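Here we start with a single chain on its own, the form predicted on its own, put down as structure tokens.
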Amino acid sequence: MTVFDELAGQRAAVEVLQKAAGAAAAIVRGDQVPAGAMTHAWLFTGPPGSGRSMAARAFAAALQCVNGGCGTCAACHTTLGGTHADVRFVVPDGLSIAVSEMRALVLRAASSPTQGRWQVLLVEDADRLTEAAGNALLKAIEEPPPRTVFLLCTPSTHPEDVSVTIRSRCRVVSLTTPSAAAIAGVLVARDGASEADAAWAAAAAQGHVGRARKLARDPASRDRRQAVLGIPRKLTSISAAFDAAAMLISSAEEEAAASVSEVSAKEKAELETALGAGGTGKGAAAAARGTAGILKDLERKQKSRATRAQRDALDRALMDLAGLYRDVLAFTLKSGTAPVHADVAEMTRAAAAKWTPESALRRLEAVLACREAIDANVKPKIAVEAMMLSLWQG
């Protein structure tokens, strides 16, 4: 077993990373390695759910492990768990990564390793770097400190996702959408899911490993999916379309609140304790007034995190809805392709008997247009209401 075993369907990428980890170990030993075998900056790209951050974490563990990522030693466990002293993770809570955060992390990454073999700075969702944050990171990549490695994750190498200058200084590792069979195999081996549940979850997740894992083990996620897939039958009038939009937005908000509430409450309690909450004495009132700004900054950060979580939850629902209309289109065309949502195939076949291929395609395009609008910062409520009206009109 190695740290790369949980990467579903990414054999080519794993081979590249394993060879680089071997070269990195040789560099630490002082051996000569071929030019280009190992580099200081890596860019992991691939569609959502392909395992970009998982691949980057596995590579970080392999760099720190004396056995190239055995998956059992302390270096592997601490790196994958996010507690290794020489591996720093940038996981954006909100919609962007600020320049102040990036400068501080780059400065820390420039120091020599204290426990491990390399200093590693891993930036998940590097496409959320602000322009200033990207420039701060670029300067560090252009003048890399010795024994420091930068690992960046982004959906693609498009300039909107990552600047051309950063891309040109990184070695690109391209991940692909894993097959349903590969995802199901990981769910069975890693999570202990039954073969039937794993196969269903892998197909329903449409190539998204994290989504498949949630569907396989979380009943609430399955219930939310069923509610989304029932939307087309409810679009019988204009008022029903607006009701469906409100339900979808409300469901995304509830899911987001459930995912961040515990973390936010813990952060606030820890900060209040650190700032002396509940203290008494002459200076207690003055100290409380002085901490108001710090608490306000935390609330702003938590609000941004909640917004990001809501958008992510809404996007998952839209992908389920897009898969449904894709199935209807496939049935109208008699393509013979396997449905994404096999458990509601009877419903999609019934819809296919009533709709023309053009009508099914218009509905699918309406869902995809809604995703693009939200990505372009259109208010989710407005984008979803417009989508529902388009779905009702057909």
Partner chain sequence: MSTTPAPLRLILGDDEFLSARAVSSAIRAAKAADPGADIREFDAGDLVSGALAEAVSPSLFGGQRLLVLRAGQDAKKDLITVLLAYAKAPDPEVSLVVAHAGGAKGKALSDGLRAAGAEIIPAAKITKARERTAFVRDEIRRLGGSCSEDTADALISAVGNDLRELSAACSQLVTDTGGKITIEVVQRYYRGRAEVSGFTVADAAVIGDVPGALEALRWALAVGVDPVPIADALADGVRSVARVAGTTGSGYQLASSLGMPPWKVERAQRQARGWTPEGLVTAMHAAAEVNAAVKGGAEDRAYALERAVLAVARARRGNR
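Residue numbers count along the first chain shown, from 1. This one's a predicted model, so the numbers in the text were calculated from it and none came from an experiment.
What comes next is about the form predicted together with its partner chain, which does not appear here.
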query: Stretch from 110 to 118, 124 to 132, 70 to 78, 232 to 240 whose residues place a heavy atom within 4.5 Å of its partner chain in the model of the complex; finding: 232 to 240
query: Proximity of Arg11 to its partner chain in the model of the complex, heavy atoms at 4.5 Å; finding: no
query: Ile382, heavy atom within 4.5 angstroms of its partner chain in the model of the complex; finding: yes
query: Contact test in the model of the complex: Ala23 vs its partner chain, heavy atoms, 4.5 Å; finding: no
query: Contact flag, Trp392 vs its partner chain in the model of the complex, heavy atom cut 4.5 Å; finding: yes
